[in-house]
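For reference, the chain that follows is the form predicted on its own, supplied as structure tokens.
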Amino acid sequence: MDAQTSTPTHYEQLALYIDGQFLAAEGRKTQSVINPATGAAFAELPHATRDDLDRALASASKAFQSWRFTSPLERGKVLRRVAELIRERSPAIARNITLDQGKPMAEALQEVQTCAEHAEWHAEECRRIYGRVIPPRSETVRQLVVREPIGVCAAFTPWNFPFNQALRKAVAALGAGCTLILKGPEDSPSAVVALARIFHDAGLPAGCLNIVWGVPAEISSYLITSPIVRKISFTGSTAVGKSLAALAGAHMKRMTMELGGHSPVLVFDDADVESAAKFLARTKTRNAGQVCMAPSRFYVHEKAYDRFVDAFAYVYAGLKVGDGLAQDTQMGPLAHERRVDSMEALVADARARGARLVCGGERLQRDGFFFAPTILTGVPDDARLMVEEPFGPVVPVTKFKTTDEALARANSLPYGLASFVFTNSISTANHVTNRLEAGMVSINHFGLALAETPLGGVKDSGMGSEGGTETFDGYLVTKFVSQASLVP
């Protein structure tokens, strides 16, 4: 690997963004940003002080009093300008994501560019926040239902898709007429600072969007318990989500939670098995498997099992793993050293329980946080790999005999985010779709997370949806107005 590929030139100037101003370290506590391809620190991120948080809360509260009454046309105008600036700046933003998060440049660029569609979708959809008229029981009464922005929101976004996750929450909150305080991922912060600059340059009024950084538990506790914050949105692990939900519930705060998953893949013997295997191998490669909706538990019909494993391994074992800035890299590093440790532990546990290693199974001996693409077959259902979200490039494959067996095993976990089905039978597709306990089901492809489609899970995978016509539901309150004419 050329050492020059990871030199951070023109990296984003990291800062807080409060009340329309970018605030550098200036004596604040800082945190090192690590390049996962080298393991070396190359930037410093300032943490917010208590005064910074109070200023962010005050500015968001003040801005809400005017932003809430802004015409949807004006809000849409800002969001459309955001989309234009995303497209203009996407190469630089993507390169910095690769530097601090690790994914290959092509994937980072795709992440950023598709966000322009989300901004445009919300620009149009915010014009369609409708109420309704309810026929009254008396001709002297008028009954209306109106939907109003809930107020100041706090959002907490993850490191695996730093630009996408922050953008989705920002356009939903701002499009609805809310204001937002956003704490992005300290591990991969450049994309969120770049997003703040885009909204700033697009003409968003000061205070409508604020960006803060710090120790996650301290920031989330302070913001959620503040009486100024009326709603929270969180994307991340189930464990942290439950903790934040309990805190929000204690203060009667509205919440949207997109939490962990362990997505089952059901491959039936009537599917195009080889094509499905190759497609899934490429899909699993994305972001080194660090995707909440990634296919992660593979159940393959016994008649198709051997063909599937051979075709999957042919693609997966031959992946070029390296620095995301290198042009020939197909899979980058994991985001943290602890992710590599987790992969090792999952593989060791599975093998101790009788699973067979097809390929990979170990960290790559080089600088950075690299783990080989790994396939394990014959993984028992009680292995940690089958019950814990792996969030990495380790693939467990097991066989099934009947559809009911496959469904029972797919639904056996408390997770319910995404699921995947491969079959050429309409009957099987319908049967399985109706019985899978998941917020999203994708059949014969990966058709999730588009701007016009809802994204969300059930059970321990969360509550509420982002995207689609459901996108504003969590940011609006319903008000009923009943007005009678004065009787002379």
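From 1 onward, residues are counted along the sequence shown. Since the structure is predicted, the reported quantities are computational estimates derived from the model, not experimental observations.
One more form of this protein exists, namely the form predicted together with a small molecule; it is left out here, but the text below deals with it.
Heavy atoms within 4.5 Å of the small molecule in the predicted complex are found in exactly one of 309-317, 160-168, 266-274, 377-385, that being 160-168.
The closest non-hydrogen atom of T114 lies beyond 4.5 Å of the small molecule in the predicted complex. Heavy atoms of F298 never reach within 4.5 Å of the small molecule in the predicted complex, leaving it off the interface. Within this chain, K303 is remote from the site of the small molecule in the predicted complex, having no heavy atom within 4.5 Å. In the predicted complex, the small molecule stays beyond 4.5 Å of every heavy atom belonging to A191. Distance criterion of 4.5 Å from any heavy atom to the small molecule in the predicted complex singles out F391 from the list F279, F391, F400, F370.
A heavy atom within 4.5 Å of the small molecule in the predicted complex is found for one listed residue only; from S220, S226, N96, T285, this is S220.
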